[in-house]
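Coming up is one lone chain in structure tokens, specifically the form predicted alone.
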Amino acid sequence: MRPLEAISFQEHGNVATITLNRPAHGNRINIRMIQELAAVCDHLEDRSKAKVVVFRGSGGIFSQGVDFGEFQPHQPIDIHGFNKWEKIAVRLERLPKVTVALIDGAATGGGFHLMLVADQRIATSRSFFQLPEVHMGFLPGMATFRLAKYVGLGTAKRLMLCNTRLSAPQALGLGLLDMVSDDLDAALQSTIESFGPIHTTAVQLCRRLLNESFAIEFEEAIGNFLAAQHRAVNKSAFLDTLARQHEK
């Protein structure tokens, strides 16, 4: 990978950490950040031995969303940058790893959206969450697709159309967070332990089936399940489990 500027990346044992590293700019998402996230995804998909990927912010901010400095109001505005961001969000969501968002401070706009693609979300008590895009005249990305799956259609409408600001306890109550803790590192360790041995193929397939469950009929879902199950049970993780069961 080329030198990183908008993010930093560390890998220690089974845990890889992506840190948004533009605190002076609210860790806002720009094209450089998207390009660097793409390079990190290449590494995580093709070479990394990590089983857990952590997303976190810096400077007491998770992310305040889109960097408007890259838009020029007197020039035609296209959706190229938005398209690039949505593609990266999908790649992060589908990584063959367990993903955890550690949130401290603001998670607004695209930052809110980024946390939605993670498998688990942990926030400090001072964190807050908001989707201001509609009040600013544009749309909150594919959070329009993901958010209602967590909170229901009515609540998703209220959060987006009314620009509602949620505290960490409120977000926990809605199911947007899995834990609130002011010791993020300890909470992360506890969360990693709860995942158990982390068989990445089973994780990836289970996540995909869960996401599909909101969009397809049962008859199609069971076909997808059986194909996925066939793939899973022929991997070493299940075969090792089977061998241990026969040893008892």
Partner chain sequence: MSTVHPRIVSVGTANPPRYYKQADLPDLFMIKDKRLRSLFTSGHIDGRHLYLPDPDAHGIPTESQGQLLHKHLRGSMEIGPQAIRQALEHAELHVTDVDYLVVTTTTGFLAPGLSAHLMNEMGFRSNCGRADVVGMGCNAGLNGLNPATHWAMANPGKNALLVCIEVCSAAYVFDNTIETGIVNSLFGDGAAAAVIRAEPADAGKLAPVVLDFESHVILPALQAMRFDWDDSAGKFSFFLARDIPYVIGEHAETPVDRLLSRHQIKRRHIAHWLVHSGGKKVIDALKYNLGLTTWDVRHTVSVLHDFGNLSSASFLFSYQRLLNEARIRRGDYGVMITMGPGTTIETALLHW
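Values in this document were obtained by computation on a predicted structure and should not be read as measured data. Residue numbers count along the first chain shown, from 1.
The same protein also exists as the form predicted in complex with the partner chain; that form is not shown, yet it is the one meant from here on.
Contact with the partner chain in the predicted bound form, defined as a heavy atom within 4.5 Å, is made by none of Arg28, Pro132 and Ala148.
The partner chain in the predicted bound form is approached by Asn224, whose closest heavy atom lies within 4.5 angstroms of it. Val180 falls outside the set of residues with a heavy atom inside 4.5 Å of the partner chain in the predicted bound form. Although the partner is absent here, Glu70 sits far enough away that none of its heavy atoms falls within 4.5 Å of the partner chain in the predicted bound form. In the predicted bound form, the partner chain sits beyond 4.5 Å of every heavy atom of Arg32. This chain is displayed alone, yet in the predicted bound form one of Ile61, Leu205, Val66, Ala50 has a heavy atom within 4.5 Å of the partner chain; that residue is Leu205. The stretch that touches the partner chain in the predicted bound form, counting heavy atoms within 4.5 Å, is 91-99, out of 137-145, 112-120, 165-173, 91-99.
For the stretch 227-248, the set of residues having any non-hydrogen atom within 4.5 angstroms of the partner chain in the predicted bound form comprises Ala227, Ala228, His230, Arg231, Asn234, Lys235, in sequence order.
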